[in-house]
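One chain follows as C-alpha cells, the form predicted alone.
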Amino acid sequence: MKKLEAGARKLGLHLTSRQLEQFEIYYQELASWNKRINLTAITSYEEVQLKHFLDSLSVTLALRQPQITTELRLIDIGTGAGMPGLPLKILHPGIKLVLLDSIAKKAAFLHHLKDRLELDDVEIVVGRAEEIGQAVQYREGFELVVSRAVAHLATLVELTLPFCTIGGSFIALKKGNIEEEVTAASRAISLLGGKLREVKKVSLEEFTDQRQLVIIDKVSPTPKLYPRRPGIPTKRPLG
C-alpha cells in the first residue's frame, strides 16, 4: 500500500500499520469477489490504491475538523463496493456508518468485508435511495452524506439531501468539467434545503484526471414530497 500511504500523506493523513493492513485486506477481498460479481472495472493493485482508496480519502479535504467525532453519522449513497464510506471508516473507526446500495449481491460483499476488516457500527442497507430516503429512521438523520459516481448532480441531490440533517453536509465526488452540471443543479439544491458551499478541486499528482468535491450544506428541511418515487429523479431531474 505504498502508493496509498504516500498519497494520503499529501492529504495530511498518516495511516497506521493497522489501517494499511485493512486496506490490503480490502484490496484482496475486492479482487477475489470481483471474479464472481461485478464490483469494479478497476482491478490492478496500484490503480485500486489510487483511483478507489485515495480518491475516497480525498473527501477529508472537504471536512471541517469538528465534523469528525465519534458521534458522526455518515451514509454512503449508492456505495457499490463500499466507497467512499469504508475507506473513511478505516480512517476514522469511531464514526457510525451506513452503506446503502440497491443490489443485494454487492451488499453480501459488504457484509463479508465488514467482518474481515473487523469494523463496528457499520449498517448495510439494501434498497433504492428514493424509498429509503422516506423512511423515518434514515430521513434527515446524518451529519455527513457522501456519494461517488452515481448520477448527474441535479438527480443526485434529490437522492441524498433528504438523508442529511440540518447543519450537516453532502459531498459528491465528481470528475471532469462540471461547471454546467453544478449550474443546472442550483434549483434542485435550493428546493431540497441545500446551499452550495464550494466546488473544491482535488489537486494531487496521483490523479491525471480532473477530480472535484461538490460540497453542499443542509440549511433547511427537505419537503416531504422528495425524494420522488423510484426512477423519477433520473427521468425528470429538478433542474
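Numbers for residues come from their place in the sequence shown, where the first is 1. These numbers come from a predicted model, not from an experiment.
Just so you know, the form predicted together with a small molecule exists too; it's not on screen, but the next bit is about it.
Colleague: Using a 4.5 Å heavy atom cut-off, which stretch among 90-98, 73-81, 137-145, 110-118 contacts the small molecule in the predicted complex?
Modeller: Careful reading of the contacts points to 73-81.
Colleague: Against the small molecule in the predicted complex, would K105 count as a contact residue? Criterion: heavy atoms within 4.5 Å.
Modeller: Flag for K105 set to no.
Colleague: So, in the predicted complex, is I124 in contact with the small molecule at a 4.5 angstroms heavy atom limit?
Modeller: Judged by the heavy-atom cut-off of 4.5 Å, I124 is well away from the small molecule in the predicted complex.
Colleague: With heavy atoms only and a cut-off of 4.5 Å, decide whether A149 touches the small molecule in the predicted complex.
Modeller: Yes, contact at 4.5 Å.
Colleague: Are any of the heavy atoms in A129 no more than 4.5 Å from a heavy atom of the small molecule in the predicted complex?
Modeller: It does: once the small molecule is placed as it appears in the predicted complex, A129 has a heavy atom within 4.5 Å of it.
Colleague: From the list L86, C164, L153, L159, which entry has a heavy atom within 4.5 Å of the small molecule in the predicted complex?
Modeller: When the small molecule is considered in the predicted complex, the option within 4.5 Å is L159.
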